[in-house]
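For reference, the chain that follows is the form predicted on its own, supplied as structure tokens.
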């Protein structure tokens, strides 16, 4: 029995699992209050990303484009950044933060975004918007390297690096870098911290992405992390980044630059990883884990015991999506006696081999497992159709749904984006509540499959 980590052995990509770096930077930008990201590139670089966000959350988000056209390839397009910043500031009087996010086209032609920011700060901002607080943050995310994951990581670091300001004393808070999560995950994390009476600066506080329809009208969704929150990150008692690939750069920057201690991971998916998260919070804050969380943990264990051994044990699973999510789900599946036989990581990050979690999988699994980097959906489909891979369940976002449909394999929608099921963003994946939802959602999906295929569905009558 072994676990093999290997790269996709084809040059081309057939149906990618991830999209590009600017998408990750855009996702980070919408988590900040009074912020609109300006994407320096073609209009599609915003349109399709924003569409996916709206599909996932069923909400509207504000993002802007410099709308670069063909002439920019010859003459450059920095004037479009200048015009874009001016238009945004005129149209939105409360706007304070404008991340300027590059794309493949503007990186290839060599547009000096850092230089144009300096020009705007010395000219337009002083002349036309004197006395107004405006922050322009260049974020370099060329689309021809990395993925949406690295783009998110780069953006979070750039934003923290721009704002973090050291003062004479600590603020008594923990910086919590959530990574690419859903509103329900933020709610669950806040609940855990509140139970421990720990104050935290949440980067980014996207709980409000689940926006209400109010008597005074609908509202555009935006995050609640403020400039003051970002500035105070340099004065925290410590930083906990939940994900190695989504926020760790910012955590390490704060540690190196301001001596704010950092703990990276693990992603609190499942019981043992949530236990570790709470232990890390206790270590950093000095606060005890209360009995209420011990009871919450016990409820989660009871829910898991109801379904794991009888229905989930031995089930073979394929998982794809963001690497921290995929690895956390794989660890949880193993704890549930399941067999995650195929993990697909959709980018070419060369550091996966050094990830201690992957090393632990390689050394400890008792079944055949493949971890494929730079993977696409053909890797999943090829193994099912041509290489005899037998699966009981697929875990991943909606873009892989047709593999599941075509091969009649039950699937639980997880990660980003999920647009073919209602309300997925309202269910946490992290924490004890996330552990309950995951176990029961996987079990219920398998129950439905048993019924439709008449595969021992009578068991459900006597369960």
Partner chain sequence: MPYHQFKCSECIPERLQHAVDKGVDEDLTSALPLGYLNTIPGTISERGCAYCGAKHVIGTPMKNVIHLSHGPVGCTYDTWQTKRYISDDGNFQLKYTFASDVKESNVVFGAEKMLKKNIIEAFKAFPQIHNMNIYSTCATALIGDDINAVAEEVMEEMPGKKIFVCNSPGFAGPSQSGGHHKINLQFLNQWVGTGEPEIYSKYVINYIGEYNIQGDQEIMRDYFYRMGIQILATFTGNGRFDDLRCLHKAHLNVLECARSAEYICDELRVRYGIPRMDIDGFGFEATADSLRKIGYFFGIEDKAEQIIAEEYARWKPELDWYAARLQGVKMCLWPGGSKLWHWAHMLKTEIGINVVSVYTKFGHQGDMEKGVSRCEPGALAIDDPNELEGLEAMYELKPDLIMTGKRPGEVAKKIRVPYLNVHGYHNGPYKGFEGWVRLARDIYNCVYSPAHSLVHLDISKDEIPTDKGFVTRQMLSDVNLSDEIKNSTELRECTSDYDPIPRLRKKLEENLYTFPDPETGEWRQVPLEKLKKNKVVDVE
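As the structure is a prediction and not an experimental result, all values here were calculated from the model. Positions refer to the first chain, counted from 1.
A second form of this protein, the form predicted together with its partner chain, is not displayed here; the remarks below concern that form.
None of the heavy atoms of residue 194 is located within 4.5 Å of its partner chain in the model of the complex. Contact annotation for residue 59: at least one heavy atom lies within 4.5 Å of its partner chain in the model of the complex. Although the partner is absent here, residue 423 sits far enough away that none of its heavy atoms falls within 4.5 Å of its partner chain in the model of the complex. For residue 10, a non-hydrogen atom is located within 4.5 Å of its partner chain in the model of the complex, even though that partner is not displayed. Look at 376-384, 233-241, 352-360, 247-255: in the model of the complex, residues with non-hydrogen atoms within 4.5 angstroms of its partner chain sit in 376-384. The partner is absent here; in the model of the complex, the one residue of 309, 272, 282, 219 having a heavy atom within 4.5 Å of its partner chain is 219. Think of it this way: in the model of the complex, its partner chain has a heavy atom of just one of 91, 166, 119, 132 within 4.5 Å, and the residue is 91. The candidate spot formed by 49, 66 and 84 lies fully in contact with its partner chain in the model of the complex, as each residue has a heavy atom within 4.5 Å of it. Taking its partner chain as it sits in the model of the complex, the stretch 181-217 comes within 4.5 angstroms of it through a non-hydrogen atom at 211, 212, 213, 214, 215, 216, 217.
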